[in-house]
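Here are two versions of the same chain, shown separately as structure tokens and labelled structure 1 and structure 2.
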Structure 1
Amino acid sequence: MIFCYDGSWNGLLSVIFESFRLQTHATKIVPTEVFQPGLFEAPITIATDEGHAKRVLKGVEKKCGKNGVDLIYQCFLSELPEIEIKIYHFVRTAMSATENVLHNYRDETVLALHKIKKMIGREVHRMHAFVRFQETKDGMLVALINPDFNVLPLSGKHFVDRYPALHWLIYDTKRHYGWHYDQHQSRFITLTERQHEYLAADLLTDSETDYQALWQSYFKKTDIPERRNMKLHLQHVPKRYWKFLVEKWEG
């Protein structure tokens, strides 16, 4: 059976709920907007139901604990093709097993999900490391990102803990939404106009470029040319992140 859903997390959980209720097996779960009908396939479209979603999560938590819920949620954010069906298989296996399958690394789905979670974790860590704030004229700190996976929901709390007294925004230019924090609370926001991958110079406070220049010189001077190892450098700081890394800007 092929299921279509709205592409949201609760949507996927609603599909899983329905598959249990209908006592049928899903062969494919895809967001409606990417579904391409085949010849003999008639998909069932499932409407998102928060109540159903909650019940699925409750079931997973009972069987695998909070870590089990974290695992499937984080994997969902990977946006990888066919991630839905992997999560579906995991929930099926977890619900039918008598013991907690979370660490059954002999199982291919379990192992695959753990590998994906590791990739997600790495990307979150990279956001913690590579986010670079620039101060605007009105004192807000703004950082632009476009991570490989949709990790903004997993990345913001770190900055709330770190900068509770500052006003900041981390904006995903690829997915067009950001985490905004105003010294009191966090909100997800979407700018009305499409945000470019750079901030216009006239937005920034005067001292901003000074500090950027200082950071660039620091970066240059802390290098030890006798030990140069660009391969290792690139492995740690992949080129796709350079456009947001002040120290890697030219000039």
Structure 2
Amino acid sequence: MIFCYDGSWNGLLSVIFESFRLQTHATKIVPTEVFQPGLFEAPITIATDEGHAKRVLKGVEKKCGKNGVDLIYQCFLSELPEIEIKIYHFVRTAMSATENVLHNYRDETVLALHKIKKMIGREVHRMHAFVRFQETKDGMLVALINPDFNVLPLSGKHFVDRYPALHWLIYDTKRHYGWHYDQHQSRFITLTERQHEYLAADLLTDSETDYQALWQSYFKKTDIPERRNMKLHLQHVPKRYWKFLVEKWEG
């Protein structure tokens, strides 16, 4: 059975709930907007129901604890192909088992999800290390990101705890939403216009552009070409993040 959903976390959980209710097995679960029907495929579209989603999470937590819920949520944020069906199989396995399957690495699905969670953890760590804020003329600090995985929901609290007295926005230019903190509360926002990967210079304060130039100059002056180890450097700072690092900009 093929199920379509709205692409949200609660939407996926609603699909899992319906598969149990209908006593059928899902062979494919895909967001409606990306589904491409085959000649003999007739998918069932499931509406998101937060009540049903909560019941699924409650069942997973009962069987696998909060770590089980955390595992499938982080894996969902990976946005990897067929991640929905992997999460679905994990939930079905957990529900039918007589003991906690969270660390049953002999199960291919369980092992695969733990590997994905490690990948997510590395990406979150890189976001903590590579986010660069820029001060705009309206007094807000803005950082643009474009991570491989949708890790902003897992990263925001770190910056709230680290910069509680500042007004800032971290915006994912790939997924077109951001985490905004106004010194009192934080929330997810979307912009009416799609944000490019760079902030326009006329949006920044003069002191911000001065600091950027100073930092770039310092970075170049302290560089020792003879001691460069690009292989090691790329392991710690992958090239796909360079466009968000001030010290890597040409200027």
Partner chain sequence: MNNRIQEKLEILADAAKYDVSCSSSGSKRKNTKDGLGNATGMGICHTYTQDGRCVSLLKILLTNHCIFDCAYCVSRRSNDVKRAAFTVQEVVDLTINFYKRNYIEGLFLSSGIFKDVDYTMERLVRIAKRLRLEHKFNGYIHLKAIPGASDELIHEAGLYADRLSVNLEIPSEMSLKKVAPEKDYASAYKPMNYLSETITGHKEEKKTIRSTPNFAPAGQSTQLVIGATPETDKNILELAGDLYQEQKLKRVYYSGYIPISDDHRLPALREAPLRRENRLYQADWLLRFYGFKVDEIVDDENPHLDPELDPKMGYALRHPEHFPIDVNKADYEWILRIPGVGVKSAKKIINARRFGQLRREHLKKIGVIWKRAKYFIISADRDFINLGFNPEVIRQQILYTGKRKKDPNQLDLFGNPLAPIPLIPTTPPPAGLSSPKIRTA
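Counting starts at 1 with the first residue of structure 1 and goes up one by one along its sequence. Rigid core here is just the name for the largest C-alpha set that superposes within 1.5 Å across the two forms. For clarity, every value in this text was computed on a predicted model and none was experimentally measured.
Enquirer: Determine, for this pair of isolated chain forms, which one is the form predicted on its own.
Expert: It is structure 2; that copy is the form predicted on its own.
Enquirer: Is residue 239 displaced by at least 2 Å at its C-alpha between the two structures when the rigid core is overlaid?
Expert: No, because once the rigid core is superposed, the C-alpha of residue 239 moves less than 2 Å between the two structures.
Enquirer: By the 2 angstroms cut-off, has the C-alpha of residue 51 moved between the two structures once the rigid core is superposed?
Expert: No: residue 51 shifts by under 2 Å between the two structures.
Enquirer: Hey, does residue 219 budge by 2 Å or more at the Cα between the two structures once the core is superposed?
Expert: True for residue 219: a C-alpha shift of 2 Å or more.
Enquirer: Let me know the CA shift of residue 228 between the two structures in Å, rounded to one decimal, core fitted.
Expert: Here the C-alpha difference is 2.6 Å.
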